[in-house]
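Below you'll find only one chain, the form predicted on its own, shown as structure tokens.
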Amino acid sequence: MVEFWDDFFSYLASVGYMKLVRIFWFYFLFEFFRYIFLETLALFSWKFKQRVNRKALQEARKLMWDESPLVSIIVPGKNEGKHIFKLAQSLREQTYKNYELIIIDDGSDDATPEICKNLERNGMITLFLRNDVRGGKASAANLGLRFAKGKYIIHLDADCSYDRDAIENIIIPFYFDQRIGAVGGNVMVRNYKESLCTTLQAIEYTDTISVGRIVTSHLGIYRVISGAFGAFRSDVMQRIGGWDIGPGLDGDITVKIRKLGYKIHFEPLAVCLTSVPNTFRKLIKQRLRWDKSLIRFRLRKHRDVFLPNQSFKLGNFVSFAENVTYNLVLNIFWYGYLFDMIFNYSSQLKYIIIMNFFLYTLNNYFKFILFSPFRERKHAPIHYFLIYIPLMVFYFGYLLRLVRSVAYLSEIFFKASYKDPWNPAKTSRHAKEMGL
């Protein structure tokens, strides 16, 4: 073992700058440039813009409170009865009070109807609706939308919890810029200590997802409003006809709103806590569903975004191009990089693997610490996460990359999303027939 490390450090000392760039071209050319250099510039630009717009943001807050519009909170789901009382109780503690709470039961086979009817009688929820036969989450959300009376629609997941000022903060951006059609909330992991799987996801949500959405929102290419916490202008929702059926509906509705010419905004102050999958098996199942949507919606359903027609919008094109490039194209390039190392540096491969691990670990530490001042929840247990950051090389660099690869291939060649049990079979058949 000692001899191996002696050889490793000797090899490291012999690697010049040019050879270092040649061996780690994938990291320097793509990942460092996009996720360190560009994100750092964008974050400082965003922070500067916040300071410049401080008075305008204060004025937007005042305008919102002066109007105090009715907000319709819709919560679709199946077998969520056990969460509804806690959700309704927590919403009563919100700083913003002028809302109606609509619960939509999508064919539950547990005690959800009895629980919700009781809560409705006692005034804890405004309206309880039910699909006797399960139609899927989009179907349930559209039923709630049909009965919603508010100027703004907020879509929530029943099993999430929200900061006391979350509803207030997610509405304010609409008063800052009339061109904003939808606002995404800041989703963080509540059960981060439950298992290794949840801890790694918490780091991912804190770093890649939360910070990444600040950056893409600032650049005007923010592309997915989480179904766990998102706000929409009611008139815009009526124009697009609500949610289309099928998995990936969060990204799909975001694209539909962007196509109408509206801005999509991410609000880091509107904090939502969610429980993520606590085993790797459950995580893989979730991410396979999420990742298929890139093929189904970006490259099939909404491929017209790439076409130079009358409705062409540069922002939509850049948003799609960035998404496809960094998730699909570079995923393919990574395998090319792997073959490059195997065929051209096979004798040095063991050293390259170790160097890769150290390089990406150092990168992850640097990024996590550098971006900390830009995150909400600065009192989050950063010291707890720091212990696990080395494992992100295996989690994000290998596991999720492999999952993405499987998802893309299964969707490209077999249209696997239409067979996903997350959506009812009859609904998926109908979606496939309609090309949704």
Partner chain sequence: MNYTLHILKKIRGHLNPELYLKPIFLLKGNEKHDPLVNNLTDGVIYSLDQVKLVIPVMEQIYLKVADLSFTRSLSFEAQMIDKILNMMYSRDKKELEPIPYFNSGIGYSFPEASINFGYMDEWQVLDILDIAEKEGLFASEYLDRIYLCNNCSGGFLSYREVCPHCASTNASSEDLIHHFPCAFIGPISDFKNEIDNQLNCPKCNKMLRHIGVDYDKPSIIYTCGKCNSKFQDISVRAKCMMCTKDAEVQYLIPRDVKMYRMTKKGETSAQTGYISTSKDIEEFIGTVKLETFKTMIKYEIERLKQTDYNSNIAGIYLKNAGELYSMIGASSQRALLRDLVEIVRRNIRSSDLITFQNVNIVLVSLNEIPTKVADNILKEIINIISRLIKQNFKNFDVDIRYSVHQLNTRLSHELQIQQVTKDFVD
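Positions refer to the first chain, counted from 1. This one's a predicted model, so the numbers in the text were calculated from it and none came from an experiment.
Below, we refer to the form predicted in complex with its partner chain, which is not included among the displayed structures.
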**Message:** So if I measure heavy atom distances to its partner chain in the predicted bound form, which of the stretches 268-276, 351-359, 141-149, 73-81 falls within 4.5 Å?
**Reply:** 141-149
**Prompt:** Even though its partner chain is not shown here, does Leu299 get within 4.5 Å of it in the predicted bound form, heavy atoms only?
**Reply:** no
**Request:** May I ask you to check whether Gly261 falls inside a 4.5 Å heavy atom distance of its partner chain in the predicted bound form?
**Result:** no
**Request:** Classify Gly241 as contacting or not contacting its partner chain in the predicted bound form by the rule of any non-hydrogen atom within 4.5 angstroms, answering yes or no.
**Result:** yes
**Request:** Would you check, heavy atoms only and a 4.5 Å threshold, whether Val329 touches its partner chain in the predicted bound form?
**Result:** no
**Prompt:** With the partner left out here, if you bring back its partner chain in the predicted bound form, are Glu120, Phe128 and Arg429 all within 4.5 Å of it by some heavy atom?
**Reply:** yes
**Message:** Between Gly230, Gly251, Gly135, Gly181, only one gets a heavy atom within 4.5 angstroms of its partner chain in the predicted bound form; which residue is that?
**Reply:** Gly135
**Request:** Please pick, from Val211, Ile245, Ala158, Val305, the one residue with any non-hydrogen atom lying within 4.5 angstroms of its partner chain in the predicted bound form.
**Result:** Ile245
